[in-house]
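Before any questions on binding or motion, here is one chain by itself as structure tokens, the form predicted on its own.
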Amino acid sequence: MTSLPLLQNALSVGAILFVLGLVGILTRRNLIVMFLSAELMLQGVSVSLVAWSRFHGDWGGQVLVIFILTVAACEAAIALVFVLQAFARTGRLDAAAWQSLRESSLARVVDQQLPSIDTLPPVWPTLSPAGVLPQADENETLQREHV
């Protein structure tokens, strides 16, 4: 049983991948991030199946991983179409955009108030042109004297 540490390492990597994917699905509302998190969960399961297959000396887990990768590729193509369709209709990649893809006879269900489209994007700092000194902020110079 010299391959037991290898099995434990592979199972821990698979569990970490699965948990990261689960956290990504539960905490994010961006459709692309949710899709990538689902793919991460599939990869975590695949790593675990390959590890168990190698530990037991059979090919069953590795063959199952090939089927999982095939299904994941098909799912990626279909999910990409849904994400693009939701973005084309709403202009956002928020998970609530799926509401617009419902049938017209069904009532709209919104779990939370969506952010308004009128909100201004954050103001990002810009670089000054070459050879021009940037304007110094007095508050920032007072806070950074110790640096």
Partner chain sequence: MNPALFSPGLLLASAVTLTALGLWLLLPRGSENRSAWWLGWLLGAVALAGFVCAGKRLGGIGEEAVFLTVSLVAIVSGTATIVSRSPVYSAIWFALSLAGVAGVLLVLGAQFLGVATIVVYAGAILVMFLFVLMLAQPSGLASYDRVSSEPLLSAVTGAVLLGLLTLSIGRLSVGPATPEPLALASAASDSPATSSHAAAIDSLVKNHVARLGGELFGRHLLAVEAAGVLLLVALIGSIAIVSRGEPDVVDHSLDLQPLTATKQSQGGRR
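Positions refer to the first chain, counted from 1. Source: prediction; values computed, not measured.
Another form, the form predicted in complex with its partner chain, is not on view; read the next lines as being about it.
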Applying a 4.5 Å heavy atom distance criterion, does Val81 contact its partner chain in the predicted bound form? yes
Is Val132 close to its partner chain in the predicted bound form, meaning a heavy atom pair under 4.5 Å apart or at it? no
Does any heavy atom of His56 come within 4.5 Å of a heavy atom of its partner chain in the predicted bound form? yes
Give a yes or no for Ala136: in the predicted bound form, does one of its heavy atoms lie within 4.5 Å of a heavy atom belonging to its partner chain? no
Note that its partner chain is not shown here; using its position in the predicted bound form, name the residues of 62-77 with a heavy atom within 4.5 Å of it, in sequence order. Gln62, Val63, Val65, Ile66, Phe67, Leu69, Thr70, Val71, Ala72, Ala73, Cys74, Ala76, Ala77
